[in-house]
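Next up: just one chain, as structure tokens, the form predicted on its own.
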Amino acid sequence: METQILQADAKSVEIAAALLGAGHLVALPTETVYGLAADACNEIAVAKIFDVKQRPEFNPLIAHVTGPEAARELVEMTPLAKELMAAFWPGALTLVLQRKENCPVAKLASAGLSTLAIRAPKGETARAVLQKLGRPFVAPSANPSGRLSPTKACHVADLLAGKIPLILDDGSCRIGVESTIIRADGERPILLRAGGLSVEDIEAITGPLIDGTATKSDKDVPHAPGALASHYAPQAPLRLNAISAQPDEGLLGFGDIEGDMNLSPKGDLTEAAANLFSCLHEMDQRFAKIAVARIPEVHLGRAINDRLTRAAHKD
């Protein structure tokens, strides 16, 4: 299969929506990472995602919608969900809610669970495709399962060229790590995955979150996308909290720890999150082993450390 890479514009958005409507897969940018999209209501198209990514079928997907009105057609809304949507949608927040009995999203997307993960992306290209398609799409990261997430179209091409018909190119993703996932089908919010929306911002609205992020074995069934213990991994082994590189390593620095590359020389966690996967892609091509400087466990540092811990995990 020949893979086209088209600059995101009105014409290419129409092409992408037509391909999705016909049951094909399309890689497209969101504000978090590039996603591999399929018509969420087409069971066969959704199954293609698992095939192309070699993704375990017990690992659920996120359904992307335009906003709360579209979400109401798919899931049971709770007061907590409404509060979070009002505060943070569109944006880097995924909510896990109970599926409606007549929910048209393919059951495969829920991986056998009674819940559905759902978010409204903020990226203009993703929103334009949703509007043209007229129904939700599912879109895990556009990479083979467990590998580094792509934040540029060239990353997708390196990983999936020849396996999908189209990649929409809209430059680098603004946030650079996947969405934060909150279970919101009860009275209290449960953090299932740290991500591009900080825990501190959410807790300012809801009060303290229940921590549901305990790392599980890859043999355990995850209740949220991206929750496998080993995930987001480069080919090279990863060593965390490094002060300096060993003789056989490249060093990915942060702040005052310079390294061969630096996530953010000024120690800015937002900049570091945006650069994380892009830097890891490049380091993976240059070095047989990678050491990474310590990242503070606050704000977007939680999401960065979550991805690094999973990338370094060996089951």
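What we label the rigid core is the largest C-alpha set whose atoms superpose within 1.5 Å from one form to the other. Just so you know, these numbers come straight off a predicted model, no measurement behind them. All residue numbers are counted from 1 along the displayed sequence.
There is another form of this protein, the form predicted in complex with a small molecule, and it is not shown here; the text below is about that form.
**Student:** Under a 4.5 Å heavy atom criterion, is residue 60 part of the interface with the small molecule in the predicted complex?
**Tutor:** Yes, residue 60 is a contact residue.
**Student:** Residue 115: heavy atom within 4.5 Å of the small molecule in the predicted complex?
**Tutor:** Residue 115: yes, in contact with the small molecule in the predicted complex.
**Student:** Quick one: does residue 181 come within 4.5 Å of the small molecule in the predicted complex, counting heavy atoms only?
**Tutor:** Answer yes; at least one heavy atom of residue 181 falls within 4.5 Å of the small molecule in the predicted complex.
**Student:** Indicate whether residue 136 is a 4.5 Å heavy atom neighbour of the small molecule in the predicted complex.
**Tutor:** Because no heavy atom of residue 136 falls inside 4.5 Å of the small molecule in the predicted complex, the answer is no.
**Student:** Only one of 164, 85, 96, 168 comes within 4.5 Å of the small molecule in the predicted complex by heavy atoms, so just point that one out.
**Tutor:** Residue within 4.5 Å of the partner: 96.
**Student:** Want to guess which of 244 to 252, 32 to 40, 277 to 285, 264 to 272 is within 4.5 Å of the small molecule in the predicted complex, heavy atoms only?
**Tutor:** It is the stretch 32 to 40.
**Student:** Please state whether residue 57 has a C-alpha shift of 2 Å or more between this form and the one not shown, with the rigid core used for the fit.
**Tutor:** For residue 57, whose C-alpha is compared between this form and the one not shown after core superposition, the shift is 2 Å or more.
**Student:** Report the direction of the Cα distance change between residue 86 and residue 307 in the predicted complex, compared with the displayed form, as closer or farther; the change is 3 Å or more.
**Tutor:** It is farther: the C-alpha separation of residue 86 and residue 307 rises by at least 3 Å in the predicted complex.
**Student:** Comparing against this form, do residue 307 and residue 49 have their CA atoms pulled together or pushed apart in the predicted complex? The difference is 3 Å or more.
**Tutor:** Closer, not farther.
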